[in-house]
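Here we start with a single chain on its own, the form predicted on its own, put down as structure tokens.
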């Protein structure tokens, strides 16, 4: 089958590898020259991924039978709608359904309207008076979020990034005046206390098939310090849970996601594609941090590296309906993904720098390499301002998977940075202790 894949990051390389495993012909549209995707694809078009008309023209010219969209920005531009209008089934949500990610105010108000569990207390602010009232109502222990897309970098938390009422108001003014996230609107909500986890699910508009839970690491530096990033790495545990996540917690999160899909359907926005739920496991159970209308990055690399089922067949069922609860099987293995990023990532990343990647050495260590936002040029791999490559270790235990990933990273050189603590035993044990303390089990 001919399949269109849109996007050029590590998430998209993982998608392409999973699609190619069942012998499909891949046609790729991406804004950077990702060498991993180029190698797997029958043909590639370098293009602004939000140029919907040109992407659709390309897909039609190649006779593709299915499309999968990686990043969120093309979804906001209506790419799935345009492909479906061109009679190309698309395993990604419409512009209306993708608002679950592209508008945080929409997401929060949808959950409130339909009584979906796991809601944080929140307020939508359109001016500074709204902001001041929200602080008065919710207190200063809050999180400030632009309502639109910011690449995972727009959220600021009281006590970490914002230290006073004045800091909150100052950042809110920046959002309103600079239209951070694309609009003069923000969401202020209570600061949730607990441990974050990601749950992703395949969805055909009616049913959800959940994947293994993953814990992402947003902060740039070890010890969860520094600015927020798109994600520095993530780990998963064999069996689909996490060391601090019970089966009841997992199923509660699945229930919240199912109710959100039903709420979207009632609003006339049937959701087809991968739905990503970012949750905070609190004393009261899982609460929603955010939803994304696509695979997470890096979380896609964790789950797709252990997907035993035919991914292309799953995508067909997401696009056309008929997905079943036993339609996706994952190997009972743990994964640890560590992102290699350009020096300065999170503040002032070095772009255009050459990095050397010994693919054979990485493979010999038993790790999986996914190229991300790099450019291949004259046999060289050059950094951009975003992440460069994801290294995934896979084994029976998280500890062993982490060691595989760590050994493999030594086969990459250049002006790069890595969070070596992701998946380390001491960090995971600290998170387990933290959750026990919160729940009073310590």
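This is a predicted model, so every value here is computed, not measured. Numbering follows the first chain given and starts at 1.
The form predicted together with a small molecule exists for this protein as well; it is not shown, and the discussion that follows is about that form.
S.K.: Using a 4.5 Å cut on heavy atoms, which of 358, 84, 290, 267 is close to the small molecule in the model of the complex?
M.R.: The option sitting close enough to the partner is 290.
S.K.: Heavy atom within 4.5 Å of the small molecule in the model of the complex: which of 167, 174, 316, 196?
M.R.: Exactly one residue meets the criterion: 196.
S.K.: Among 342-350, 149-157, 85-93, 359-367, which stretch has residues whose heavy atoms lie within 4.5 Å of the small molecule in the model of the complex?
M.R.: The contacting stretch here is 149-157.
S.K.: Taking any heavy atom pair closer than or equal to 4.5 Å as contact, tell me whether residue 104 reaches the small molecule in the model of the complex.
M.R.: Residue 104 belongs to the contact set for the small molecule.
S.K.: Quick one: does residue 123 come within 4.5 Å of the small molecule in the model of the complex, counting heavy atoms only?
M.R.: Residue 123: no, not in contact with the small molecule in the model of the complex.
S.K.: Counting only non-hydrogen atoms and a 4.5 angstroms cut-off, does residue 143 reach the small molecule in the model of the complex?
M.R.: Although the small molecule is absent here, residue 143 would touch it in the model of the complex, with heavy atoms inside 4.5 Å.
S.K.: In the model of the complex, does residue 204 have a heavy atom within 4.5 Å of the small molecule?
M.R.: Close contact is absent here: in the model of the complex, residue 204 is far from the small molecule, nothing within 4.5 Å, heavy atoms only.
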